[in-house]
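There is one chain below, alone, in C-alpha coordinates, taken in the form predicted alone.
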Amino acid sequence: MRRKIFALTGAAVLVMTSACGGGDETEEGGLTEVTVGAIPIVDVAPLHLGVEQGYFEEHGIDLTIENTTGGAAAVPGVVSGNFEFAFGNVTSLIIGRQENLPLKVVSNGVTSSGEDGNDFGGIVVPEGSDITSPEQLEGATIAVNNLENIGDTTVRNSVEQAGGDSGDIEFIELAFPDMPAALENGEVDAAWVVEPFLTSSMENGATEIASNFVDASPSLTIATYFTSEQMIAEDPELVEAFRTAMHESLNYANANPDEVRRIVTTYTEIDQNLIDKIRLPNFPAEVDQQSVQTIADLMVEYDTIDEAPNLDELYYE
(Lines give C-alpha, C1' and ligand atoms only; values in the text may rest on other atoms or scores of the structure.)
Protein backbone atom coordinates (compact mmCIF):
# COMPACT_ATOMS: atom_id res chain seq x y z
CA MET A 1 0.00 0.00 0.00
CA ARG A 2 1.39 3.35 -0.95
CA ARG A 3 2.17 5.75 1.85
CA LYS A 4 0.23 8.97 2.39
CA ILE A 5 2.57 11.78 3.31
CA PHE A 6 0.16 14.60 3.84
CA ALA A 7 -3.11 16.04 2.63
CA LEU A 8 -3.72 19.57 1.41
CA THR A 9 -6.71 21.73 2.25
CA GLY A 10 -6.39 25.02 0.39
CA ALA A 11 -3.01 26.44 1.27
CA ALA A 12 -2.87 24.59 4.55
CA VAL A 13 -0.95 21.36 4.73
CA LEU A 14 -1.93 18.67 7.21
CA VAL A 15 0.86 16.25 7.85
CA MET A 16 -0.23 12.62 8.10
CA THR A 17 3.10 10.86 7.93
CA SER A 18 3.14 7.11 8.03
CA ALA A 19 5.75 5.11 9.87
CA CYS A 20 7.72 4.33 6.74
CA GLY A 21 9.64 6.99 4.81
CA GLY A 22 10.19 7.37 1.06
CA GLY A 23 8.87 4.94 -1.54
CA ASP A 24 7.87 1.34 -0.86
CA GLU A 25 10.71 -1.18 -0.79
CA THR A 26 10.02 -4.38 -2.67
CA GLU A 27 10.63 -7.76 -1.08
CA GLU A 28 12.85 -8.91 -3.94
CA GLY A 29 15.83 -7.02 -5.29
CA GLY A 30 15.78 -4.31 -2.65
CA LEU A 31 14.55 -1.70 -5.13
CA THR A 32 12.42 1.14 -3.85
CA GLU A 33 9.19 1.71 -5.74
CA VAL A 34 8.88 5.33 -6.83
CA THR A 35 6.17 7.02 -8.90
CA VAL A 36 6.85 10.13 -10.98
CA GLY A 37 4.00 12.20 -12.40
CA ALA A 38 4.87 13.49 -15.87
CA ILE A 39 2.95 14.87 -18.83
CA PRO A 40 3.52 12.68 -21.93
CA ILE A 41 5.35 15.20 -24.13
CA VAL A 42 8.78 15.47 -25.73
CA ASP A 43 10.12 17.34 -22.69
CA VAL A 44 10.13 14.22 -20.50
CA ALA A 45 12.05 12.01 -22.96
CA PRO A 46 15.08 11.91 -20.61
CA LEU A 47 12.91 10.37 -17.87
CA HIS A 48 11.81 7.56 -20.18
CA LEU A 49 15.35 7.09 -21.51
CA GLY A 50 16.64 6.89 -17.95
CA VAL A 51 14.28 4.03 -17.16
CA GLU A 52 15.22 2.22 -20.36
CA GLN A 53 18.95 2.70 -19.81
CA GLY A 54 18.69 1.40 -16.25
CA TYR A 55 19.94 4.55 -14.52
CA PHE A 56 17.21 4.50 -11.88
CA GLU A 57 17.60 0.79 -11.20
CA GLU A 58 21.35 1.27 -10.76
CA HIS A 59 20.52 3.68 -7.96
CA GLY A 60 18.03 1.36 -6.27
CA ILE A 61 14.84 2.78 -7.76
CA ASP A 62 11.99 0.85 -9.42
CA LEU A 63 10.47 3.80 -11.30
CA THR A 64 6.88 4.06 -12.52
CA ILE A 65 5.89 7.01 -14.72
CA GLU A 66 2.27 8.08 -14.31
CA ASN A 67 0.87 10.41 -16.96
CA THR A 68 -0.48 13.80 -15.83
CA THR A 69 -2.06 16.73 -17.66
CA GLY A 70 0.62 19.19 -16.50
CA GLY A 71 1.71 21.16 -13.46
CA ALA A 72 -1.86 21.76 -12.29
CA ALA A 73 -2.16 18.01 -11.64
CA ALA A 74 1.46 17.33 -10.76
CA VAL A 75 1.70 19.79 -7.85
CA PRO A 76 -1.24 18.38 -5.83
CA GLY A 77 -0.04 14.89 -6.76
CA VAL A 78 3.26 15.52 -4.98
CA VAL A 79 1.72 17.48 -2.10
CA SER A 80 -0.82 14.70 -1.42
CA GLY A 81 1.85 11.99 -1.58
CA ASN A 82 0.42 10.25 -4.67
CA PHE A 83 3.73 10.93 -6.46
CA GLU A 84 7.16 10.93 -4.84
CA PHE A 85 8.35 13.23 -7.65
CA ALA A 86 6.78 15.04 -10.59
CA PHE A 87 7.58 17.13 -13.66
CA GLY A 88 6.19 20.65 -13.79
CA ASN A 89 6.89 24.05 -15.30
CA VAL A 90 8.52 26.70 -13.18
CA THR A 91 5.52 29.04 -13.08
CA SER A 92 3.41 26.35 -11.38
CA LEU A 93 6.16 25.85 -8.81
CA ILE A 94 6.62 29.59 -8.21
CA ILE A 95 2.87 29.97 -7.64
CA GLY A 96 2.91 26.95 -5.34
CA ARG A 97 5.82 28.29 -3.35
CA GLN A 98 4.14 31.70 -3.08
CA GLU A 99 1.12 29.87 -1.60
CA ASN A 100 3.45 28.22 0.95
CA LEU A 101 3.26 24.76 -0.60
CA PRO A 102 6.33 22.76 0.52
CA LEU A 103 7.76 22.16 -2.97
CA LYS A 104 11.44 21.60 -3.72
CA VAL A 105 13.15 21.38 -7.13
CA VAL A 106 15.55 18.42 -7.23
CA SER A 107 16.63 18.46 -10.89
CA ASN A 108 16.33 20.41 -14.09
CA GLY A 109 13.77 19.14 -16.57
CA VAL A 110 13.91 21.00 -19.86
CA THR A 111 15.52 24.19 -21.14
CA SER A 112 15.11 26.44 -24.16
CA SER A 113 17.41 25.71 -27.08
CA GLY A 114 18.48 29.35 -26.88
CA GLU A 115 18.21 29.74 -30.68
CA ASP A 116 15.94 32.58 -31.76
CA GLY A 117 13.76 31.27 -34.58
CA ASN A 118 14.75 27.68 -33.88
CA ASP A 119 13.43 26.98 -30.39
CA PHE A 120 10.93 24.25 -29.54
CA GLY A 121 8.24 26.80 -28.66
CA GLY A 122 7.12 30.01 -30.35
CA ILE A 123 4.36 32.46 -31.25
CA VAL A 124 2.72 31.72 -34.60
CA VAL A 125 0.16 33.56 -36.73
CA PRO A 126 -2.02 32.03 -39.46
CA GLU A 127 -1.17 32.09 -43.14
CA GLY A 128 -1.86 35.51 -44.66
CA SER A 129 -1.92 37.35 -41.32
CA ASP A 130 -1.03 41.04 -41.32
CA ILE A 131 0.83 40.47 -38.05
CA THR A 132 4.53 40.08 -38.74
CA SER A 133 6.19 40.99 -35.42
CA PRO A 134 5.38 40.70 -31.69
CA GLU A 135 4.55 44.39 -31.09
CA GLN A 136 1.69 44.05 -33.57
CA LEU A 137 -0.02 41.63 -31.15
CA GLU A 138 -1.47 44.60 -29.22
CA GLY A 139 -5.20 43.94 -28.88
CA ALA A 140 -4.89 40.48 -30.44
CA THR A 141 -6.52 37.25 -29.29
CA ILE A 142 -3.85 34.68 -28.49
CA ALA A 143 -4.27 31.01 -27.58
CA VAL A 144 -2.25 29.53 -24.71
CA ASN A 145 -2.65 26.14 -23.06
CA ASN A 146 -3.04 27.56 -19.54
CA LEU A 147 -3.87 31.07 -18.38
CA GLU A 148 -1.50 32.88 -16.01
CA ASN A 149 1.27 30.43 -16.71
CA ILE A 150 4.56 30.31 -18.58
CA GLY A 151 2.94 30.77 -22.01
CA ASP A 152 1.13 34.07 -21.50
CA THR A 153 3.89 35.37 -19.19
CA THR A 154 6.61 34.94 -21.82
CA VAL A 155 4.36 36.06 -24.70
CA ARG A 156 3.66 39.32 -22.88
CA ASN A 157 7.41 39.75 -22.39
CA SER A 158 8.09 39.28 -26.12
CA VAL A 159 5.47 41.90 -26.99
CA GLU A 160 6.87 44.39 -24.47
CA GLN A 161 10.48 43.78 -25.57
CA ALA A 162 9.47 44.55 -29.16
CA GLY A 163 7.97 47.87 -28.07
CA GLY A 164 4.32 46.85 -27.86
CA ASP A 165 1.76 47.06 -25.06
CA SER A 166 0.64 43.66 -23.79
CA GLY A 167 -2.06 45.10 -21.53
CA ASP A 168 -4.97 44.67 -23.93
CA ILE A 169 -4.08 41.25 -25.31
CA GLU A 170 -6.89 38.71 -24.83
CA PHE A 171 -5.52 35.30 -23.93
CA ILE A 172 -7.81 32.32 -24.32
CA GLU A 173 -7.17 28.81 -23.09
CA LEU A 174 -6.96 26.06 -25.70
CA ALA A 175 -5.35 22.63 -25.64
CA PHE A 176 -2.24 22.49 -27.82
CA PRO A 177 -3.80 19.95 -30.27
CA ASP A 178 -6.69 22.38 -30.90
CA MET A 179 -4.52 25.39 -31.69
CA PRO A 180 -3.61 24.65 -35.35
CA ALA A 181 -7.32 24.44 -36.27
CA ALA A 182 -8.12 27.58 -34.26
CA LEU A 183 -5.49 29.45 -36.26
CA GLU A 184 -6.78 28.18 -39.60
CA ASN A 185 -10.40 28.99 -38.70
CA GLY A 186 -9.57 32.52 -37.59
CA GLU A 187 -10.73 31.78 -34.04
CA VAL A 188 -7.53 33.38 -32.72
CA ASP A 189 -5.08 35.91 -34.15
CA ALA A 190 -2.05 34.02 -32.87
CA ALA A 191 -1.09 31.05 -30.74
CA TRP A 192 1.74 30.07 -28.46
CA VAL A 193 2.65 26.51 -29.36
CA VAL A 194 5.35 24.01 -28.48
CA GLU A 195 6.53 20.97 -30.38
CA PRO A 196 5.20 18.98 -32.12
CA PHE A 197 2.40 21.52 -32.68
CA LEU A 198 4.87 24.24 -33.68
CA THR A 199 6.14 22.20 -36.62
CA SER A 200 2.67 20.97 -37.63
CA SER A 201 1.28 24.53 -37.52
CA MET A 202 4.07 25.83 -39.73
CA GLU A 203 3.57 22.94 -42.18
CA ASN A 204 -0.05 24.10 -42.42
CA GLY A 205 1.04 27.60 -43.41
CA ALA A 206 1.46 29.38 -40.07
CA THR A 207 4.35 31.80 -39.59
CA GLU A 208 6.51 32.01 -36.48
CA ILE A 209 6.99 35.61 -35.34
CA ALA A 210 8.84 35.19 -32.01
CA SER A 211 10.67 32.71 -29.83
CA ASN A 212 9.12 33.75 -26.52
CA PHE A 213 11.23 31.42 -24.36
CA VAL A 214 14.45 32.78 -25.86
CA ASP A 215 13.21 36.35 -25.47
CA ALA A 216 12.79 35.71 -21.73
CA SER A 217 16.22 34.12 -21.31
CA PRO A 218 18.60 32.38 -23.74
CA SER A 219 18.94 29.45 -21.34
CA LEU A 220 15.46 29.52 -19.84
CA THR A 221 14.70 26.67 -17.48
CA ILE A 222 11.12 25.90 -18.40
CA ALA A 223 10.30 22.87 -16.26
CA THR A 224 11.89 20.82 -13.50
CA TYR A 225 11.46 17.65 -11.46
CA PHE A 226 10.33 18.36 -7.92
CA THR A 227 9.30 16.75 -4.65
CA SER A 228 8.06 17.86 -1.22
CA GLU A 229 9.96 19.02 1.85
CA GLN A 230 8.42 16.10 3.73
CA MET A 231 9.82 13.63 1.24
CA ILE A 232 13.30 15.11 1.66
CA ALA A 233 13.02 14.97 5.45
CA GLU A 234 11.79 11.36 5.47
CA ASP A 235 14.11 9.82 2.90
CA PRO A 236 17.00 12.07 1.85
CA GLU A 237 18.93 9.08 0.43
CA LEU A 238 16.10 8.31 -1.99
CA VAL A 239 15.90 11.95 -3.08
CA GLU A 240 19.64 12.01 -3.71
CA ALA A 241 19.45 8.72 -5.65
CA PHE A 242 16.62 10.08 -7.82
CA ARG A 243 18.50 13.30 -8.50
CA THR A 244 21.68 11.42 -9.47
CA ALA A 245 19.78 9.09 -11.81
CA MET A 246 17.87 12.05 -13.28
CA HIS A 247 21.11 13.92 -13.99
CA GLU A 248 22.53 10.84 -15.74
CA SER A 249 19.33 10.59 -17.80
CA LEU A 250 19.45 14.26 -18.80
CA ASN A 251 23.11 14.00 -19.81
CA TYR A 252 22.33 10.91 -21.91
CA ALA A 253 19.43 12.69 -23.65
CA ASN A 254 21.51 15.79 -24.34
CA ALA A 255 24.25 13.67 -25.93
CA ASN A 256 21.88 11.46 -27.95
CA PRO A 257 19.18 13.48 -29.77
CA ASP A 258 18.36 10.51 -32.02
CA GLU A 259 17.56 8.51 -28.90
CA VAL A 260 15.25 11.31 -27.76
CA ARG A 261 13.34 11.13 -31.06
CA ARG A 262 13.14 7.33 -30.83
CA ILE A 263 11.91 7.13 -27.24
CA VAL A 264 9.15 9.70 -27.87
CA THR A 265 7.44 7.14 -30.14
CA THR A 266 7.13 4.73 -27.20
CA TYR A 267 4.96 6.94 -24.94
CA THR A 268 3.19 9.34 -27.34
CA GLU A 269 1.14 8.91 -30.52
CA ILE A 270 3.14 11.48 -32.47
CA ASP A 271 3.75 10.42 -36.06
CA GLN A 272 7.34 9.33 -36.73
CA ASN A 273 7.63 11.64 -39.77
CA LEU A 274 6.71 14.60 -37.58
CA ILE A 275 9.07 13.55 -34.78
CA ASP A 276 11.92 13.51 -37.31
CA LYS A 277 11.24 17.20 -38.10
CA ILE A 278 10.56 18.76 -34.72
CA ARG A 279 13.00 21.02 -32.90
CA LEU A 280 14.33 19.55 -29.69
CA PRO A 281 14.89 21.45 -26.43
CA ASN A 282 18.07 21.21 -24.39
CA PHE A 283 18.34 18.92 -21.37
CA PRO A 284 21.09 20.27 -19.11
CA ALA A 285 21.28 18.68 -15.67
CA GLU A 286 21.41 21.94 -13.76
CA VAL A 287 18.65 24.53 -13.37
CA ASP A 288 19.45 28.04 -14.61
CA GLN A 289 18.32 29.74 -11.43
CA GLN A 290 18.75 33.25 -12.81
CA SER A 291 16.32 32.45 -15.62
CA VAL A 292 13.76 31.19 -13.07
CA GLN A 293 14.17 34.47 -11.18
CA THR A 294 13.47 36.30 -14.45
CA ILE A 295 10.18 34.40 -14.82
CA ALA A 296 9.23 35.20 -11.21
CA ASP A 297 9.93 38.89 -11.82
CA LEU A 298 7.79 38.84 -14.99
CA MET A 299 4.95 37.15 -13.08
CA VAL A 300 4.99 40.01 -10.58
CA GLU A 301 5.16 42.61 -13.37
CA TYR A 302 2.11 41.08 -15.08
CA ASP A 303 0.19 40.60 -11.78
CA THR A 304 0.16 36.80 -11.93
CA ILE A 305 1.48 36.87 -8.36
CA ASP A 306 1.59 39.73 -5.85
CA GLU A 307 5.23 39.28 -4.95
CA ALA A 308 7.99 36.86 -5.83
CA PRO A 309 8.66 34.15 -3.24
CA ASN A 310 12.15 33.55 -1.89
CA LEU A 311 13.38 31.26 -4.65
CA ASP A 312 16.33 30.09 -2.54
CA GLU A 313 13.71 28.05 -0.66
CA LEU A 314 12.58 26.40 -3.89
CA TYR A 315 15.78 24.44 -4.52
CA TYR A 316 16.98 21.23 -2.92
CA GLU A 317 20.70 21.55 -2.29
Partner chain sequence: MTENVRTSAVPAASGSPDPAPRPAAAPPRRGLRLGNTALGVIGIVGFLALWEIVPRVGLVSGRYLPPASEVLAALAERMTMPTFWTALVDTLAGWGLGLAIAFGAAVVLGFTIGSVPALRRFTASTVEFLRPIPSVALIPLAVLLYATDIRSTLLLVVYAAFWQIYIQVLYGVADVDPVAEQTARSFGLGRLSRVRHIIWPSALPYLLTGLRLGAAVALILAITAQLIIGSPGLGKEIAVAQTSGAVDSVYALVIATGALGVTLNVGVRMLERRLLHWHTSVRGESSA
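Positions refer to the first chain, counted from 1. Treat the numbers as computed from the prediction; the structure is a model and nothing was measured.
We do not show the form predicted in complex with the partner chain, though everything after this point is about it.
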Counting only non-hydrogen atoms and a 4.5 angstroms cut-off, does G117 reach the partner chain in the predicted complex?
no
Using heavy atoms and a 4.5 Å limit, would one call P180 a contact residue for the partner chain in the predicted complex?
yes
Exercise: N67 in contact with the partner chain in the predicted complex, heavy atom 4.5 Å
yes
Is the gap between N82 and the partner chain in the predicted complex 4.5 Å or less for some heavy atom pair?
yes
With the partner removed from view, which of 45-53, 250-258, 263-271, 282-290 is the stretch that lies within 4.5 Å of the partner chain in the predicted complex, judged by heavy atom distances?
263-271
Could you check which residue among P102, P196, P218, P126 gets a heavy atom within 4.5 Å of the partner chain in the predicted complex?
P196
Exactly one residue in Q161, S133, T141, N204 has a non-hydrogen atom within 4.5 Å of the partner chain in the predicted complex; which is it?
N204
